[in-house]
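To begin, one chain is listed below as structure tokens, in the form predicted alone.
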Amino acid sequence: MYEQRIFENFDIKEKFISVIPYGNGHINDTFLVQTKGKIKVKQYILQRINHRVFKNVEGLMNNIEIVTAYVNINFPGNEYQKIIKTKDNKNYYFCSDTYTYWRVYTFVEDGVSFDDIVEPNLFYETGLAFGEFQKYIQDLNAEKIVETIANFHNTKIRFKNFETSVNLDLVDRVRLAKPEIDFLLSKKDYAPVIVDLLEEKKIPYRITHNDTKLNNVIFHKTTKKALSVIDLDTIMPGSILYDFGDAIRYGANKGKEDDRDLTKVGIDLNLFELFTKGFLENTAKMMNKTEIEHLAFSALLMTYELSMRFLEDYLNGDKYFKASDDEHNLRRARAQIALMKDIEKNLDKMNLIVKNIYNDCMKKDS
């Protein structure tokens, strides 16, 4: 078995038993490996890294090793996954026969992840988890972390790339998405807001996760308490607003990310409040006033960004995101646009929720 041969290049003492596909990520291919030691069965995560997306695999893996090692040294007892090195002490394995890159992580044995919010408190716990991640690494030097995907959340450049895809119309799809294109082009003033704040030093660059979806948190299978965050591929210097906004975009949506029924799509203000409460309980003291003032807006901006990315990929022939059919990325874009419109309607309410929670957190800390 191919995956077994790959797995056996890593420094693992237990005997290989089986491997099965695991999870449903858009980018990498993930497998759950079972092994047998002297006493019990042990599991590991084996992943094939998508090097077409993550072109700097060495930089990516070094970022992950720096962050996880820092957390594990400075905050012992946490449940963060650990990198398993290869037998020649590297943090990834390159298979020259197939030109593929692989890595292995420890598996959180009592952990479980969720694609949907099966109970509202999960989203409060998600906010705690991503806020705790920020708290853990706030003193880690961001200069040690390299940018593995250039301009990943640079929405000024994302907008230019989207415009280019519209103008080139590589696969003759512009005619099929005219209303969506016109809407996104009309919102171009959103694109520079956070980038400009970073460049003007009104908000600080921080080490950020950059993919803060619900299913990137591991929960205890019994208590449903958050144990750790996972999927650290997009760790890069950026703004804490990106992490907050993307978490809301994904988790506080009443519908699905690619929902066909747009009447189901919209911002759930109760879930927004729960996540904000958990997040700010761990981050309120470390954030400045301008960051707090733009928390709610960041949800709108990240939804705008992903709307452009989905539609750009559709216009370019579905080269980036895994798509189940020719219209999948168009459906995704339409759902994100519907969410954008609902966030715009509720932005004042969201700002008030942030203000009240922030004030409560600061009173508790005073």
Ligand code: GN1
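Keep in mind that this is a model prediction, so the values were computed, not measured. Start at 1 and count along the sequence shown; that's the residue number.
The form predicted together with the named molecule exists for this protein as well; it is not shown, and the discussion that follows is about that form.
- Of the residues given (Thr155, Gln134, Asn216, Asn253), Asn216 alone sits with a heavy atom within 4.5 Å of the named molecule in the predicted complex.
- For the candidate set Glu273, Glu291, Asp243, Asp231, a heavy atom within 4.5 Å of the named molecule in the predicted complex is found for exactly one residue, namely Asp231.
- Proximity of Tyr70 to the named molecule in the predicted complex: non-hydrogen atoms within 4.5 Å are absent; the residue sits far from the partner.
- For the chain shown alone, Tyr304 is not a contact residue for the named molecule in the predicted complex, no non-hydrogen atom being within 4.5 angstroms.
- Taking non-hydrogen atoms only, Glu125 never approaches the named molecule to within 4.5 angstroms in the predicted complex.
- In the predicted complex, the named molecule lies within 4.5 Å of some heavy atom of Ile149.
- Picking from 293 to 301, 320 to 328, 34 to 42, 337 to 345 the stretch near the named molecule in the predicted complex, with a 4.5 Å limit on heavy atoms, gives 320 to 328.
- Along 247 to 280, these residues reach a heavy atom to within 4.5 Å of the named molecule in the predicted complex: Arg249, Glu257.
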